[in-house]
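Heads up, the chain below is alone and in the form predicted on its own; it's given as C-alpha cells.
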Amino acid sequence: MSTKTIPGPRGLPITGHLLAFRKDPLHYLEQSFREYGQLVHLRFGPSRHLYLLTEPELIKEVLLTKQQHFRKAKGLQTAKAVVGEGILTSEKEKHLRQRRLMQPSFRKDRISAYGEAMVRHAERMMANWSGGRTRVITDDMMQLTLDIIMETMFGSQLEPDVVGEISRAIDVGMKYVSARASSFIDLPASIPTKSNREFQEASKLLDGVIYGIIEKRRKQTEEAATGRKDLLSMLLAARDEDGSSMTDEQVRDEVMTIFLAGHETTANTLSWTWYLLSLNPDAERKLHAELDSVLQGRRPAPEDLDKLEYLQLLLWESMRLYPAVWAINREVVEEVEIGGHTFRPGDTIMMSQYVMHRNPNYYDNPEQFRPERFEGDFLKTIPQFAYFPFGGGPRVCIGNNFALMEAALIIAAVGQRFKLRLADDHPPVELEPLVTLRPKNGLRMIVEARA
C-alpha cells in the first residue's frame, strides 16, 4: 500500500507542517496522534516526508527486526558535527565495531566502581546549599553530572574554569544541532553566520581540551596507566577481535558522545524528578521513609539500590512522563514495508517516547504521576516498545545502567538531607524539546533541610 493513503493534518503549500511543529513539537505530535491514529503523515518543507509511528509492534520492526533498512535520520546526522562518528551516529559495521570495543566498559560490575565518586560529588554540591535558599536546580544538576562524567571519564578532576568552558561549549553544540535538525534550509557550515561562528569556536575549544588529554594519557608509561579504571583508559586499552584499537579521532568521538549523552540526559531526568516530587508530597514522603529505613543515615552505595524499590519506581515514572530523549527518527535507506505501507529511501519515521509514554491504550490516567503503576510485572503486561526511555534494538543506549545508577544514587544522597520545593513565584513550567527534553528557562527551587 502506498504512503499516500496515510492520513495527516493539512499543511501549508511550501513549508508543510514544519512551522506548526516548531511552535510546540510535543503538543503537535500528541494532537496528530489523537486525531489521525497510529501512523500520521507530516511534511517538513517541499519534499521531506516524515511519518509519526505510535504502534509498539511496528516500532519494534523499525528499531529491531527490520533495522537494516534504516539509518539515523537528519537530527543525528547533524549531530556528527559535534560528536563525529561515535557510537551515537556511526552506522552498520563501524557502529558494530565501536560497540564491541566499548561494551565491556559499561558492564554493571565495571560501573559500580564509579558509585563512590557519584555520591561524593553530590555531597560536595550539597555543601554549598543552605536550608531555605533558592537554587536554579537545573544548573546544579547539570554541573553535578558534568563533574561526575569528568571524573569517571578521565579519572581526575579538571580545573573549574576548564569544566565551565566545556559545559558552555557543549550547550552551544546542543542548540546548534537542534536548530539545524529542524531547519527548512540547510545553510553550509562554512557560511559565517553567528550560529556557525559560535559553533566552530565551541568545537575548537572542545577538540583542544579532549585531544590534549588523550595525548597526555598516551604519553604516560604503561606502569602509570596500569590499573586505571576511568572510561578513557578503558577506551584506549580496548582491542577488537583482530587486535586493533581506536585511533585518537575515534577516541575523541566516543569521549564527545559520552559527554553529550552522559551528563545532559541524566541532569534533565534528575531535574524533572525533583519537579515531580515537589508537586507530589505523598510520593516524596514515601521516598524519604524508604531512604531512612534502608540507609539509616549512612551514605548510599550501588549495593543499596536493589533495596530502594520505591526510588526505582519513581525513576521509571519520571522517565515515562519526561523522557530525556523525547523522539527517535530513522531514515529509510532501502525500500521497506511497515504496517502494510511501503516506505522508500528518504522517508523518515519518527517514534516519540513522549507520545508513547502518555498513550492511554497502555497507561491509565497517563498524565498522572503515579510511581506505583510500575510495581510488580507491569512492564511485562504492555508491549516492549510502549515504554522505551533508552531506545531499543541493537542501538539501545549503551550507558543505560550507568545513567540509572547515577540518578538513583544522587536522589538517595540528596533525599536523605533535603526536600526541594518549586519557588513560590515560579512561572508555569514549560517544556523545551531540544536534543533532549529540558525545563525551559530552568527550575528555581527552594532547598529545605530535612529535620
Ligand code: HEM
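The structure presented is a predicted model; accordingly, all values stated were derived computationally and were not measured. In this text, residue numbers run from 1 along the sequence as written.
What follows is about the form predicted together with protoporphyrin IX containing FE, which we do not show.
- Heavy atoms within 4.5 Å of protoporphyrin IX containing FE in the predicted bound form are found in exactly one of 51-59, 395-403, 408-416, 25-33, that being 395-403.
- Ala261 is the sole member of Leu277, Met246, Ile210, Ala261 with a non-hydrogen atom lying within 4.5 angstroms of protoporphyrin IX containing FE in the predicted bound form.
- Checked against protoporphyrin IX containing FE in the predicted bound form, the residues Ser105, Ser352, Thr257, Thr273 give one hit for a heavy atom within 4.5 Å, which is Thr257.
- A residue is said to contact a partner when one of its heavy atoms sits within 4.5 Å of a partner heavy atom; Gly391 meets this definition for protoporphyrin IX containing FE in the predicted bound form.
- Shown alone here, Gln250 lies farther than 4.5 Å from protoporphyrin IX containing FE in the predicted bound form, counting heavy atoms only.
- Protoporphyrin IX containing FE in the predicted bound form comes within 4.5 Å of a heavy atom belonging to Thr265.
- Protoporphyrin IX containing FE is not drawn, but in the predicted bound form it has no heavy atom within 4.5 Å of Lys175.
- Contact with protoporphyrin IX containing FE in the predicted bound form holds for none of Ile137, His288 and Arg373, as no heavy atom of theirs lies within 4.5 Å.
- Within 4.5 angstroms of protoporphyrin IX containing FE in the predicted bound form, the stretch 312-343 places a non-hydrogen atom from each of Met319, Ala324, Val325, Ile328, Arg330, taken in sequence order.
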